[in-house]
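Just the one chain here, laid out as structure tokens, in the form predicted on its own.
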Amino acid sequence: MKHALLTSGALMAALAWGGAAAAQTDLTMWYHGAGNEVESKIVHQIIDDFNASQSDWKVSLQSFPQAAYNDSVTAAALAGNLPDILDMDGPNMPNWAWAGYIQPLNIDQSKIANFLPGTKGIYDGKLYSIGLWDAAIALYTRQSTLDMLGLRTPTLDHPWSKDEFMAALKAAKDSGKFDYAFDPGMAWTGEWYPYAFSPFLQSFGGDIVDRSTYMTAEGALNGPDAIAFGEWWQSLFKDGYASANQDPADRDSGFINGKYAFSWNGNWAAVPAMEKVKDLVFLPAPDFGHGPKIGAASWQFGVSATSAHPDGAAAFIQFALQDKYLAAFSDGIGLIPATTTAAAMTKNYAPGGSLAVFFDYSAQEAMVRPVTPGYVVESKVFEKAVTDIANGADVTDTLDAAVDEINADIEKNNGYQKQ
């Protein structure tokens, strides 16, 4: 009996020891998608699958409303309370890396070799973040509008030139069939402006900042190409092709209701538009002289600089890169899957799918916003400049003032050298 009790005690001890050894280490994750039920369901599914797939790590999620997310991260960084895993908007990543919020992401690089370029958050030669999707913009119109106006249908290989685009807007305006020929989306503010409108500037040959050094905006934002962009931009509103002061309701439904001949919009708006507009077509960006350009980089995952378990955080992010999850996000919220193999698993982005052209636009036209910590300031300066120009401000004076403001910020931060 004594021997049996000893054996039983040893077994209990062994089980207790084994249970302790099998306990999973907790990892915390913050996400910007609170309130989006479809998105949250997919994120929770990935977390549940990861937690069940191995015995080392257990991820727990805290979600924030998108509007409050960046401020919450900044406050947590100052207080030293960052989670292990963060998501972040792609263009903000360099600032967070420079400020010491995040660390390089140590994942198997072969896992992302075939990802769209815009999904890779690379700063100072290192990968800091990776996205499961990207977003792209196209020129929405109806095939019946193109036919009515006698316009050539542009393609990725043969986009409209500036002259062709302006001729299309003039034909739409002269037809008298529309409130405005073009809806650039002026009712949307914030990051929409640099994401949607700086590619026009870049297609003219300018930019928000000189990317060769990221030390000045001089020449990039106020040189001859940038001034040409500004004059063209102002002409859209001065000549009555677009409205500088758009009702938000018209941004949401104006094109669908026939108020606009052409609308500059993202793939995320495509599915509801297709439900209402049966002959909807998605045209590539016009070429204003330096190739057609659209924005790249959406939300991405990274590891906080203060994480005590960066290996576990990276393991979760690498787990989330499976095609089935990329496809689930695409089918669930309409964004572009990061790989061709994931796209092939989706309804809309598979070859021949109704949104497959957006994958091509993202792969061939997309340009990331300036990869610099100063972008968080530069984007706001650009937004104000294009708003003022649309409302009639002098183009050259406005762009010169924007350059001065950007350069002052760069100087104040010692060129955003590594801290």
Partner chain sequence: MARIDPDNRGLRLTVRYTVLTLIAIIFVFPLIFMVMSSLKPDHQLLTDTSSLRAFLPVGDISVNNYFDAFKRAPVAMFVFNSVLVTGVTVLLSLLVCSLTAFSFVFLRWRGRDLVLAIILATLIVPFETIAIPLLLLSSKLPWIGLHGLTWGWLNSYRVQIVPFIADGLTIFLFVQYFKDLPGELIEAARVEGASWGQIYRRVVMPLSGPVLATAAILKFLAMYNQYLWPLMVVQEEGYRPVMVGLQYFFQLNPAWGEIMAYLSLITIPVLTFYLFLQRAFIASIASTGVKG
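In this text the structure is predicted, and so the values were computed from the model without any measurement. Positions refer to the first chain, counted from 1.
Absent from the display: the form predicted in complex with its partner chain. The rest refers to it.
Checklist entry - Might residue 62 be said to contact its partner chain in the predicted bound form, defining contact as any heavy atom within 4.5 Å? => result Close contact exists here: in the predicted bound form, residue 62 approaches its partner chain to within 4.5 Å, heavy atoms only.
Item to check | Interface membership of residue 361, its partner chain in the predicted bound form, 4.5 Å heavy atom rule | outcome: Looking in the predicted bound form, residue contacts with its partner chain do not include residue 361, since no heavy atom lies within 4.5 Å.
Next on the checklist: Contact with its partner chain in the predicted bound form for residue 67, defined as at least one heavy atom pair within 4.5 Å: yes or no?
Outcome noted: Looking in the predicted bound form, residue contacts with its partner chain include residue 67, since a heavy atom lies within 4.5 Å.
Item to check | Residue contact check: residue 35 to its partner chain in the predicted bound form, 4.5 Å heavy atom | outcome: Residue 35: yes, in contact with its partner chain in the predicted bound form.
Next on the checklist: Only one of 331, 210, 252, 323 gets a heavy atom within 4.5 Å of its partner chain in the predicted bound form. Which one?
Outcome noted: Contact with its partner chain in the predicted bound form is made by 252 alone.
Item to check | Of 167, 122, 76, 228, the one that lies within 4.5 Å of its partner chain in the predicted bound form (heavy atoms) | outcome: Exactly one listed residue reaches within 4.5 Å, namely 76.
Next on the checklist: Would all three of 193, 306 and 375 be in contact with its partner chain in the predicted bound form, where contact means some heavy atom lies within 4.5 Å?
Outcome noted: The answer is no: none of the three residues contacts the partner (heavy atom, 4.5 Å cut-off).
Next on the checklist: Counting any heavy atom within 4.5 Å as contact, can you tell me which stretch out of 67-75, 210-218, 167-175, 137-145 lines its partner chain in the predicted bound form?
Outcome noted: Answer to the contact question: 67-75.
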